[in-house]
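Single chain ahead, written as structure tokens, the form predicted on its own.
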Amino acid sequence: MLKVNDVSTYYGPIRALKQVNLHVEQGEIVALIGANGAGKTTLLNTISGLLNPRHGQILFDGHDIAGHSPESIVRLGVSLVPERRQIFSTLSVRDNLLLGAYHRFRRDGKSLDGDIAKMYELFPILEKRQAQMGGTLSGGEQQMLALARGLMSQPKLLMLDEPSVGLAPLIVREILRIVAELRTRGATILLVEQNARAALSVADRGYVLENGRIALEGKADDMAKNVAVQSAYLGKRDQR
């Protein structure tokens, strides 16, 4: 579904991504892990059109989308749930969801009530909070709203940027349970996480990004057992 070929992205003269290669198959959860500053968010922003790569291809469903506008990439079926939620804090939960489907509503003008009902089924707390302003929600509720807003565009590929950041461990487990459930509903997900243990626990495959380059890739289970990954990203190895 997604194939990134030799992509390099720059901030002025600084090369943030260095010939990155990765792919995501339909129905997969693929985890991208790495330290702060490794280039994870830069890669998502490049795929979603917020940044333009200087070199390389980004193939989505066989079409090169590198350099396309963010809105056209959303229309093609790529949705980004950004780091730290970035919901519309002065709008209601329901209005945040409606804005997630803005491009579809403009195209066909059909009622979105059925789609919103599906989001309330997946995230029951949002139905209870539907009239509240987004800024009044807890951190976990805001993350659920950001996920639901991303899903309202009916994406073929959902990209999640650090969905666990700033959340309590109990809420992180709930968010990851929902991510895993989305896969059972047919979603394809590229999951960016600094919490490597959490990401690999729900992913099919994974990549490690270091200093703008892919340093390692493989099946999630194998990566979780990899000594180098354990040392750098999973804490101390189990010595038993």
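This is a predicted model, so every value here is computed, not measured. Numbering starts at 1 and follows the sequence shown.
Beyond the structure shown, there is the form predicted in complex with a small molecule, which is absent from this document and is the topic of what follows.
Query raised in the report: Looking at 200-208, 172-180, 39-47, 63-71, which lies within 4.5 angstroms of the small molecule in the predicted bound form, counting heavy atoms?
Result: Among the listed stretches, the partner-contacting one is 39-47.
Requested in this report: Could you tell me which one of Leu59, Ala35, Ile214, Ala187 places a heavy atom within 4.5 Å of the small molecule in the predicted bound form?
Outcome: Of Leu59, Ala35, Ile214, Ala187, the residue with a heavy atom within 4.5 Å of the small molecule in the predicted bound form is Ala35.
Query raised in the report: Here the chain is shown alone; which of Val24, Ala16, Met223, Val20 has a heavy atom within 4.5 Å of the small molecule in the predicted bound form?
Result: Here the answer is residue option Ala16.
Query raised in the report: If you check in the predicted bound form, is Asn195 within 4.5 Å of the small molecule, heavy atoms only?
Result: Asn195: no contact with the small molecule in the predicted bound form.
Query - Exercise: Glu162 in contact with the small molecule in the predicted bound form, heavy atom 4.5 Å - result: Glu162 belongs to the contact set for the small molecule.
**Report entry** 4.5 Å heavy atom contact, Glu83 to the small molecule in the predicted bound form
**Finding:** Looking in the predicted bound form, residue contacts with the small molecule include Glu83, since a heavy atom lies within 4.5 Å.
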